[in-house]
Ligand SMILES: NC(=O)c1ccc[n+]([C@@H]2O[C@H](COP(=O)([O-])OP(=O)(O)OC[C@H]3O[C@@H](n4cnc5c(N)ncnc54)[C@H](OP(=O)(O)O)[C@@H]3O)[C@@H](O)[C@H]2O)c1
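In structure tokens, one chain follows: the form predicted alone.
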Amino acid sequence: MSRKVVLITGASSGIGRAAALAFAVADYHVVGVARRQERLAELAEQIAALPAPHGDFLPITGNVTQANDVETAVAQALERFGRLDIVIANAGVGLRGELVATSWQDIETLLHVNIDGVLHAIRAAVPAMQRSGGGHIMIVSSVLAAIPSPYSACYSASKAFISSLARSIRVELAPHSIHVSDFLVGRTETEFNQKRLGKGERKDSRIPNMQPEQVAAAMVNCARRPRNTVVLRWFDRLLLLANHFFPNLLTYLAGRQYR
């Protein structure tokens, strides 16, 4: 019961899965929420096989677009572990293609997962954290939140929304000893890229990919030493700096990646 408890959405793959493993190794209890039950079962087996000491893993099948699912996950976390210290709002989908040529169904799916999913996680977790005397919310955004992204406009806008949300609620929740961190994540090698919605395609790009384990390690470090905004790589910092001084050039180069 003395171990801290972290709840991670989108825990069945990619950054969420890497984070679940990293926090378990760091001796946190982990609550993993995702739609794919079989993937969660595989992750549970992998965590159980870790060398001791490690935290326990509670898999919960749920959809972050449904507020009741996330509320149930928080309730189950409290029932199992008695507390909730950290929430990582990680679940998300991508979307590529021209705005007017993209199906409304794909746009609606993106908005429900990337925006509603984050809001549901925060609204469900904050009351539990307030009762516990504080906590930490980590929101997984993107460097595209601050950079115009032709042919990925809705995705970029959804990340801009949650980054703006992070900055605002950080002030709201500070009196309750709840810290809010905004992760501006760059291009990462996960199945997220293969499952991206829309019909747009990316041309060959020289932008380097990082591994999800790098993001997960930064999350564990941030849990120990909270930060407001996290940008993991110098490359991504340079992109943000270039956008500040040469926004037209960066937008042009971004547009050339897609067709």
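Numbers follow the displayed sequence, beginning with 1. Everything quoted here is computed from the prediction, not taken from an experiment.
One more form of this protein should be noted, the form predicted together with the named molecule, which is absent from this view; the next part is about it.
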If we define contact as a non-hydrogen atom of the residue within 4.5 angstroms of the partner, is Ser142 a contact of the named molecule in the predicted complex? yes
His120 near the named molecule in the predicted complex, any heavy atom under 4.5 Å? no
Might Gly186 be said to contact the named molecule in the predicted complex, defining contact as any heavy atom within 4.5 Å? yes
The named molecule contact in the predicted complex: Glu191, any heavy atom under 4.5 Å: yes
Any idea which of 171-179, 152-160, 120-128, 72-80 reaches within 4.5 Å of the named molecule in the predicted complex, heavy atoms considered? 152-160
With the named molecule left out of view, which of Gly198, Gly62, Gly55, Pro59 would have a heavy atom within 4.5 Å of it in the predicted complex? Gly62
Can you tell me which residues in 97-127 come within 4.5 angstroms of the named molecule in the predicted complex, by heavy atoms? Val113
